[in-house]
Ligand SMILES: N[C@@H](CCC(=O)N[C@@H](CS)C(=O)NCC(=O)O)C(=O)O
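In structure tokens, the next block holds one chain alone, the form predicted on its own.
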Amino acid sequence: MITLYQFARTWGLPNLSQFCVKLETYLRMHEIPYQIVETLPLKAPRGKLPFIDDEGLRIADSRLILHHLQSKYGQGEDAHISPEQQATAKSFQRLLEEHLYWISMVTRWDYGESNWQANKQAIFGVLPPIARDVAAAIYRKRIKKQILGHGIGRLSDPEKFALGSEDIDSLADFLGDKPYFMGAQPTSLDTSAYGILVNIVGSPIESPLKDHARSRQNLYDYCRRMQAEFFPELPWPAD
């Protein structure tokens, strides 16, 4: 059985990590048996979560994990769409994971003290106070450096959120009234989209990005549907 290492559940969401949500949604989507071990990324392979142990094989990075799962357990949900549709799905996945994700990270790690405290408690609250403060400070410095290196951290807050709103609008317009992003059946794009969007619209992290995402009703309804379908044991966070 696969062992999935990830953060503890919090905020009424499957996970505070967008990529932990992505991976667990994939496992549930394909009914692949797994068990969860709650942990922190301090000693994780590549220094981040999620990672899995599949019969002694440890793999980190959600992209590499999905490649492994698709190779071992079948191509699954993307087999029914055309190569052109797969290219479109991959492009939107890159928009989500390589751009919108980083703007959402700004809101947690470098936008307002109340957001930072909520993020800090959710991730590091299981540690003793001194260890919590030290670990949080180290990781905050590291993440802020990554945000700066990405380039999005070099922009003003209004510029960041304007770009993030463009991403949100593109996603909302493409989704339209479809149940899933590529049509009547879910694809791997939906695992990424749900993981990132639910952590924007359903978390207690406040920002113009969240406000704009919630204003696009079809994206908000999409997140609620995905959670009800794949995580029915988790009630939707109170608005």
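Position 1 is the first residue in the sequence shown; the rest follow in order. Model, not experiment: these values are computed from the prediction.
What comes next is about the form predicted in complex with this ligand, which does not appear here.
All three of Phe19, Lys48 and Tyr101 touching this ligand in the model of the complex at 4.5 Å, heavy atom to heavy atom? Verified in the model of the complex; spot residues all in contact, yes.
Does at least one non-hydrogen atom of Ile143 fall within 4.5 angstroms of this ligand in the model of the complex? Output for Ile143 is yes: heavy atoms within 4.5 Å of this ligand.
Does Phe92 reach this ligand in the model of the complex if we count a contact as any heavy atom within 4.5 Å? Heavy-atom contact with this ligand at 4.5 Å: absent for Phe92.
Taking heavy atoms only, is Arg63 within 4.5 angstroms of this ligand in the model of the complex? Arg63: contacts this ligand in the model of the complex.
Partner proximity in the model of the complex: Phe7 to this ligand, non-hydrogen atom cutoff 4.5 Å: Yes - in the model of the complex, heavy atoms of Phe7 and this ligand come within 4.5 Å of each other.
Any idea which of 110-118, 143-151, 162-170, 80-88 reaches within 4.5 Å of this ligand in the model of the complex, heavy atoms considered? That would be 143-151.
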